[in-house]
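The chain below stands alone, shown as structure tokens; this is the form predicted on its own.
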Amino acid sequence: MDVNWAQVLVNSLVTGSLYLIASVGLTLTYGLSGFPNFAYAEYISLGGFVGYFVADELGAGLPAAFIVAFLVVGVVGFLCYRGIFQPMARRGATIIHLMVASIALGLILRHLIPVFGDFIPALGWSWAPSYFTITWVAFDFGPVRLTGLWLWTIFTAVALSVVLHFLLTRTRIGKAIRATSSNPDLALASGIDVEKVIWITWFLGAGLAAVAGIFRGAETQVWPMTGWEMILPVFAVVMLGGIGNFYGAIAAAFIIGLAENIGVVALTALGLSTSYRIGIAFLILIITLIVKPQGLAMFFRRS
């Protein structure tokens, strides 16, 4: 079997870029709040649905879809934390309690999406898959083929990395996020409004999940399980990169993207279904938890 390794590397870059966009928000909120929010999958799905409504149903275009989805889902993420997880934490809820609550919240959000579609048919939301009608131009560079959507995914991941680097290192709120993530008690004693920092982070995290949902939906389809189909690789990125470590997440996203695409080549060569590619992220997640629970954080200063 002849393998176009140049195309495999490009596919890995695209996959890693999508995982980076999807995982950054989760790793930051996980690092600050101290529990895995499984409802993050539904933030991704909701972002895809909002983006589809704005871009296709309203015809406002993809840039407007990104902005509206970021703001809408960002507010949803903030309200979920402010109305559910923060009160639970104040009442002494453990990590297990918060995690189970996030699973329940995710189920509620997942089933509310088509309900909104039933009450407001103009939204175009339902359990049946929806598809973006945007036509993407394909570019051939020698043995490599790229689409406009892939280029936008890579560009967004690079821009996000640069913007968040400067946000975390050069701005007051970024330094407050890093301080709160490293030592919340010390940050509070230093005069940092820890609650406000967590609120802002949950808003940003959910907004970034929405952006990832639009990219995923534009590449495949939009339906209530869109986010759930991505959540395992996203968690694998978070764990491999080190919980709360932004720079580790960048490296982990592309490592898992590369491993997944090489795995597709191996599965094809063995005559197996490429749907098993999801098991690669699961395997990396298990190995990380067993061998190095801190992940790549040991190689990067904590964000």
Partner chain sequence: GAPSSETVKIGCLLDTTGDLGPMGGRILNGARLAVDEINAAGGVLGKQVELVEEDGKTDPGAGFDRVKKMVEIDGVQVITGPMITGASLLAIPYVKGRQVPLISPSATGIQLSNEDGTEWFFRTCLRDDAQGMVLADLIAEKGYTKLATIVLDNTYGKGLEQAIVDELEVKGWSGEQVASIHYAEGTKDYRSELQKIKDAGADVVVCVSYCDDGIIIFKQALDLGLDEVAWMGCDGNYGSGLFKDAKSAEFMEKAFVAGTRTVGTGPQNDHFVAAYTEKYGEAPEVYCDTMYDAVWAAAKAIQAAGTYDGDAIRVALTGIQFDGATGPITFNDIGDRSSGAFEIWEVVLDPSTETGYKNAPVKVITWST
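Note that this is a predicted model, so its numbers are computed, not measured. Numbering follows the first chain given and starts at 1.
Below: the form predicted in complex with its partner chain, not depicted.
- Not displayed here, its partner chain is approached by P129 to within 4.5 Å at the level of heavy atoms in the model of the complex.
- Under a 4.5 angstroms non-hydrogen atom cutoff, its partner chain in the model of the complex lacks S33 among its neighbouring residues.
- Using a 4.5 angstroms limit between non-hydrogen atoms, R145 touches its partner chain in the model of the complex.
- Although the partner is absent here, W136 lies within 4.5 Å of its partner chain in the model of the complex, judged by heavy atoms.
- Residues with any non-hydrogen atom within 4.5 angstroms of its partner chain in the model of the complex fall in just one of 215 to 223, 202 to 210, 71 to 79, 154 to 162: 215 to 223.
- The partner is not shown here, but in the model of the complex the stretch 264 to 283 reaches within 4.5 angstroms of its partner chain through a heavy atom at V264, T268, S273, T274, S275, R277.
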